[in-house]
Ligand code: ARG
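Here we start with a single chain on its own, the form predicted on its own, put down as structure tokens.
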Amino acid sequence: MVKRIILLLAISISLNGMLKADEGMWIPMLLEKYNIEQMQEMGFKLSAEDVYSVNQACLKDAVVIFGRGCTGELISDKGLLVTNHHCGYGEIQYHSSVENDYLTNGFWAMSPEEELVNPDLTVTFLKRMEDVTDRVLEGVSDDMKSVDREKKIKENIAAIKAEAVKDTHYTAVLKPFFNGNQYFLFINEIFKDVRLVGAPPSAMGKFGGDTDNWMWPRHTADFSMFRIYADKDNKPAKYSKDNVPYKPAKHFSVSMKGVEEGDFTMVFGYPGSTYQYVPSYHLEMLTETINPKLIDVRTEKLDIMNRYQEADPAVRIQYAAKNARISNSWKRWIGENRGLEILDAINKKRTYEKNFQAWSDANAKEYSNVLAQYKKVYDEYSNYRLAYGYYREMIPSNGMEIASLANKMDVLKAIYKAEKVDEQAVGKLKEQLLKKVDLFFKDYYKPLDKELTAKLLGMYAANIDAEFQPEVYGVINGKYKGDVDKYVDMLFAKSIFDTKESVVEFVNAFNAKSIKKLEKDPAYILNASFNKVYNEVIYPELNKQKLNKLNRQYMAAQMKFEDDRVFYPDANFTLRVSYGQVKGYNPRDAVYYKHFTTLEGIIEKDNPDIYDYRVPEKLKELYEAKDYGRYEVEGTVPVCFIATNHTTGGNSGSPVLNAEGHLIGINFDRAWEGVMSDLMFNPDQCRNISLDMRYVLFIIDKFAGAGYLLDEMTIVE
């Protein structure tokens, strides 16, 4: 078994010549070994040490995890941070109301005192990373049972993490790479006082809405600004009026030089998940089973939400973030299927597998049965994967909201079922729970949830096999004779979870006797019924180690099969570098897309009758007057550009850097033709979409009148 892959490849010829330009999400610690020569040949003017170092301030010190799923970057020595508008969307919505609609009107703090506090928002800095493969796999052998192997690895990981952060305020994350053939430790510093500084109106920050999402050309000002605060010693601290702006070790200089086709670009951020090395059976499962069914269910969710949002401005605000989360993956799945079909990805995989099989039969018989085992596993796994995806859509992923709220009560139930009740802990728990209840009802509309609940219950019954049907369907089919609407009428009539007042009263009065009342509540029963199927039927099968073991073996085998290739690890929301160049592309016959868009395109799309295309009057006034200031380029203002960098979810908000390491853009999307890049990269079609920093500065200065923010930036003319 190969325990160390990328670090122990003994290749006698030059590796750099074997790297594919553009494709790849590379480990910053290993740039010197595998990438820097090619990067410099493409025009990069810095060293690997300038990008990643533990001995000196470097570019990595200006990059953060923003929240729980995006990237952000520091652009001043006063903790000023920029990320995407859609990454800060939840915070903007949190502070919005009909009276102060920051989603529609935008928000700009004109002084530090006006910056808005965001409960639970964090940013995370990477301090260092370390290859700990040998330590993680110590005491592990190939002939161990899977359960024993995983147990030993978990024990080793726990010990390594505990030792790494002992007597510090840091946190440790340890993740597998190459499907468990390699492991890296990440030491992080987490800041908990992050305040909203500015955001353009949604008509700019979300310009084009779902219609333009995942598309090129784009004209979206997808950015928002925050500030990190620290204690007087520049250390992380919870919110306090005594906290001061954080002083980073490094912040990015902002370039006004712009981009030209062919320019070097580097994206530095936290890509979420990719699956480059899966077998053809995985692609078949996604394109033929999973994606079509989940696309259908999200289509119904969006139809219901859109109808209620269009009818009521308050509901539009309440469900803005939820709608955006649902529609994002919905459109990506559609594009993913389309892109894989155009690329003929399944047949490409099959051809590769045919060659792999011939090689393994002749040279590595220990891997000869891997593909046959994959086929058998996927024949069983696909149904469970679909059931899991549908389960997520029913409740956790913006599904039946009344059931999801009932689920939050399990923490109270658990504490009162303990042998000894800690009343102090109960009080604190109730306080935390009431905050969640308050946030829940701030963005909740019962008529929408009721209709959505009925629709989802009907779709699950029609699309998921009987073995995955929760017990609640026995009630629906028995007592209610299959009438889902009658069941839902009862659910909302009898549950205590449909109004804030009844839930607050229930939580405040909760004691041991309340458990029976909770367990009889129909919303709680509904949630528990689905959770039982997941915990007892779906999860045990998905958690079996068959697929994990095969993935680990197949990854090691592929790297032996192609021993002259330098592999990059799949994304796993750890800090990565991708590099490429500014470049247009041909999306289809007789069509060529240029590499940039301008303010003219925004005005062309202006349509007051469509919410997503209502250009703010102030922006139109600036356009009519040609009041572009220092941001004018050939009579207009640059807006967005595309490049060949390999990106995915999690890269939202990532800094896009030029050859000098200066910030030229903010990554926010991929082009529709290339969204299958999580599974297979096509250099002719895959393009990342970025917001030009000149448009960002133009909006801050000329549109928002918040030019004081530019004063604290380092701007390179």
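Counting begins at 1, following the sequence as shown. The term rigid core refers to the most C-alpha atoms you can superpose between the two forms while keeping them within 1.5 Å. None of the values given here were measured: they were computed from a predicted structure.
Same protein, other form: the form predicted in complex with this ligand, not shown, and the subject of what follows.
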| request: Scan Gln93, Asn118, Asn213, Ser76 and let me know which has any heavy atom within 4.5 Å of this ligand in the predicted bound form. | output: Asn213
| query | Pick from His219, Arg298, Arg227, His86: which residue has any heavy atom within 4.5 angstroms of this ligand in the predicted bound form? | reply | His86
| Does at least one non-hydrogen atom of Ala461 fall within 4.5 angstroms of this ligand in the predicted bound form? | no
| message | Quick check on Phe66: any heavy atom within 4.5 Å of this ligand in the predicted bound form? | response | no
| said: Please tell me whether any heavy atom belonging to Lys206 falls inside 4.5 Å of a heavy atom of this ligand, as the geometry stands in the predicted bound form. | reply: yes
| said: My question is simply whether Ala324 lines the interface with this ligand in the predicted bound form - judged by any non-hydrogen atom within 4.5 Å. | reply: yes
| Contact segment among 43-51, 665-673, 29-37, 58-66, judged by heavy atoms lying within 4.5 Å of this ligand in the predicted bound form | 665-673
| request: Output the sequence-ordered list of residues from 620-654 with at least one heavy atom within 4.5 Å of this ligand in the predicted bound form. | output: Ser652
| message | Would Leu302 count as moving between this form and the one not shown, using a Cα shift of 2 angstroms or more after superposing the core as the test? | response | yes
